[in-house]
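Below sits a lone chain in structure tokens, taken as the form predicted alone.
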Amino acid sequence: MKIGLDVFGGDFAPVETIKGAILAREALQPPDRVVLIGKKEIILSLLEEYHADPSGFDIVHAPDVIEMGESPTKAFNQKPHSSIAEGFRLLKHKEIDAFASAGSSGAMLVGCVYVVNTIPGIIRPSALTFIPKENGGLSLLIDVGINPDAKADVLYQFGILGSLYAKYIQHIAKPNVGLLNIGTEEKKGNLVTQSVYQLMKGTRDFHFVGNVESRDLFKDSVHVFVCDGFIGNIILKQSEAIYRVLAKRGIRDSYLERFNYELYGGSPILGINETVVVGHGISNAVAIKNMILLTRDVHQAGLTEKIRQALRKFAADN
């Protein structure tokens, strides 16, 4: 398979993205290849600097860059030859099999929705992240920023998407799905979470275990935590901040080390017609490598087609 990489996406691009691509190439097995997308002369110069053979990669020239502070929709339309726009063009025309970037998440979402499109039946795509469990393994938190104002029906679909990811990527036969709330009682929460609870209660689309509180995030009992992107993003960045504080103070622990964002690489975008992974803006070479490997794993699992099949079954049953 061919994995497209936005070389100029991220706070430390293009140096760290090139270094990460070199690390990933060492871990990939033929015929898997990384397609480097960005300013060709700079890509070739960096490959030479780090003693990497250019023939080990495919290179696609993209002269423009969408900066983090730009309006995503405006920049995507005004910079059709940016590394992000070019990546989505290649993906749409099947010239690459999957696409990964640590660049503007807003621009990535624009590409997901308007270029490769959502799977029929999906209201909004979503992004997930991984939460280390106390007893080993990883739970999933969905959404983590794409949908800060998600409505009840969208959150319900997050339960479907998260459950499918846990089943087919993490190989959990019957994932437990919980609704993140301020209490476990049915009537707890705001109007949205109360409405979501009623939709999820008794569903046959996934195994709903009810409301769960944030203090349960690290326990073993729930595999998928559903919340809107506003709450999910706060939890994600708070966890990263705590990890950084502990690391600076020299506090080391094997469990705490699992909160290092570098280990997970990025967030798969679920509910779209192709495989897309968005990395952290501060990704270093190790994070970029793991983002590429995660992209490979999601694509090889055929998750997009499994989501499509699940939605067809849901429509037929209803």
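Note that this is a predicted model, so its numbers are computed, not measured. The first residue of the sequence shown is number 1, and the count goes up from there.
Keep in mind that the form predicted together with another copy of the chain is missing from the display, and what follows is about it.
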Determine which one of 228 to 236, 116 to 124, 154 to 162, 81 to 89 lies within 4.5 Å of another copy of the chain in the model of the complex, judging by heavy atom distances; exactly one does.
-> 228 to 236
Non-hydrogen atom within 4.5 Å of another copy of the chain in the model of the complex for each of E134, E213 and L217 | yes
Please check if D253 has a heavy atom lying within 4.5 Å of any heavy atom of another copy of the chain in the model of the complex.
-> yes
is_contact(H93, another copy of the chain) in the model of the complex, heavy atom dist at most 4.5 Å = no
Would you check, heavy atoms only and a 4.5 Å threshold, whether N190 touches another copy of the chain in the model of the complex?
-> yes
H51 within 4.5 Å of another copy of the chain in the model of the complex, heavy atoms | no
From L180, A166, M200, L109: within 4.5 Å of another copy of the chain in the model of the complex by heavy atoms is L180
